[in-house]
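In the form predicted alone, a lone chain appears below as structure tokens.
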Amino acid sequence: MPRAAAPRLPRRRPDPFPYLLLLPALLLMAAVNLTPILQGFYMSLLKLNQFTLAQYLDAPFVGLDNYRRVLFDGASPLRAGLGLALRNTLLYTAVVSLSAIAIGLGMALLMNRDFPGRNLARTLLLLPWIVPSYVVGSLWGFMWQRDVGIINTVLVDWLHLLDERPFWLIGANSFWAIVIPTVWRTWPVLMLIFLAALQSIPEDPYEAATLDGVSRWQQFLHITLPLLKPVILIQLMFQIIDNIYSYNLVSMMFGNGAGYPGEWADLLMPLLTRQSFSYWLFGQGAAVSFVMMALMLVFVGLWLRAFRQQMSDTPHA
């Protein structure tokens, strides 16, 4: 005898109340984020320079001509020094991102152990991160001074590691003059994130590995590192984005935005900002900003496509 079909339950209608509660926040976020983006894009389509600045959004409309100039016109002032700034930005991004993640992960492993004063040590190690990046740039700019800076005083006068006082803000050393402060300020927050991820890993795999005689290094390679892989990949992506858009530290260390950082310390964002304001080419400056944003969106899309599965895995055994 055939079984009677189960009665179908009426489909439950979604409750609109939660969406109504979220609506003001969504509208505010859209206004705060989308309005500057749309205005900036419109500026990139205008001939906005020192002669038309008073007209602002009523400046002559030139369509995609600003994009043509910054991409294909070698005479555009915004392209002066662009190759060196691109090289420096790529090197700076790679060195800072990898160094900050390595130091942050190492310190997180240390801070995950039990020892007296652990909570105090965790708090003190976060101090560099709470210093504003503008302050870090100004502070390290004084510290790197050749004659009166504390860096040369320690290296030359106290430790006698160097025979003479080097120039840190001139020449190739200026690259490390911007890398070291950035790493110094960045790794504490990465330590905090990795520490939270480490504490979410259960003890069972480590206890089983210890019973099997697996060394601590092998446990790190085959248990800790794979379980932290999603967090590491996400933080690496964030670091790459942040460092490509880096501006504050270089700007404050070299003339508060108006100075030239030199061949080895000039990054993309300081260069584009300095050239745009120096030559009053705000339309072309806006165009460059949107070119960079488009490239960054492509990078994020490719990154998510390549590591989507690994980033969605939870750090649990």
Partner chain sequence: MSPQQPHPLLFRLAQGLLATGLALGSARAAELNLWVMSTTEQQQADMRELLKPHLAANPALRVNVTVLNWESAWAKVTAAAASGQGPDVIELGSTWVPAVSSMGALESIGAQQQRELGGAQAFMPVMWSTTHRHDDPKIYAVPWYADARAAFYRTDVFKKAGVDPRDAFANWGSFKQAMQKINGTEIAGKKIAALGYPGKNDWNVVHNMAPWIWSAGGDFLSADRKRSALNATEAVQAIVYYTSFAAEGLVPRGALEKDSGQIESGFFNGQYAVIFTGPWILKQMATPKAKGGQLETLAASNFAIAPYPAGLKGNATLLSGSSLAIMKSSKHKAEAWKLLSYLTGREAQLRYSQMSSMLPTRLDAMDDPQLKRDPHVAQFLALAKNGRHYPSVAGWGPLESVYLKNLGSMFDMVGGVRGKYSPLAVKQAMDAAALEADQVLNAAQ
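Positions refer to the first chain, counted from 1. If you're wondering where the values come from, they're calculated on a predicted model, not measured in any experiment.
Note that the form predicted in complex with its partner chain isn't included here; everything after this is about it.
Its partner chain in the predicted complex is approached by S278, whose closest heavy atom lies within 4.5 angstroms of it. Interface residue remark: L159 is not counted as part of the site for its partner chain in the predicted complex, having no heavy atom within 4.5 Å. Although the partner is absent here, G262 lies within 4.5 Å of its partner chain in the predicted complex, judged by heavy atoms. Within this chain, G74 lines the site of its partner chain in the predicted complex, having a heavy atom no more than 4.5 Å away.
Contact annotation: of the candidates D147, D114, D204, D163, the single residue with a non-hydrogen atom within 4.5 angstroms of its partner chain in the predicted complex is D147. When its partner chain is considered in the predicted complex, only one residue from G171, P132, G106, P226 comes within 4.5 Å through any heavy atom, namely G171.
Residues placing heavy atoms within 4.5 Å of its partner chain in the predicted complex fall in a single listed stretch, namely 46-54, out of 287-295, 23-31, 46-54, 244-252. Residues of 78-104 placing a heavy atom within 4.5 Å of its partner chain in the predicted complex: A80 alone.
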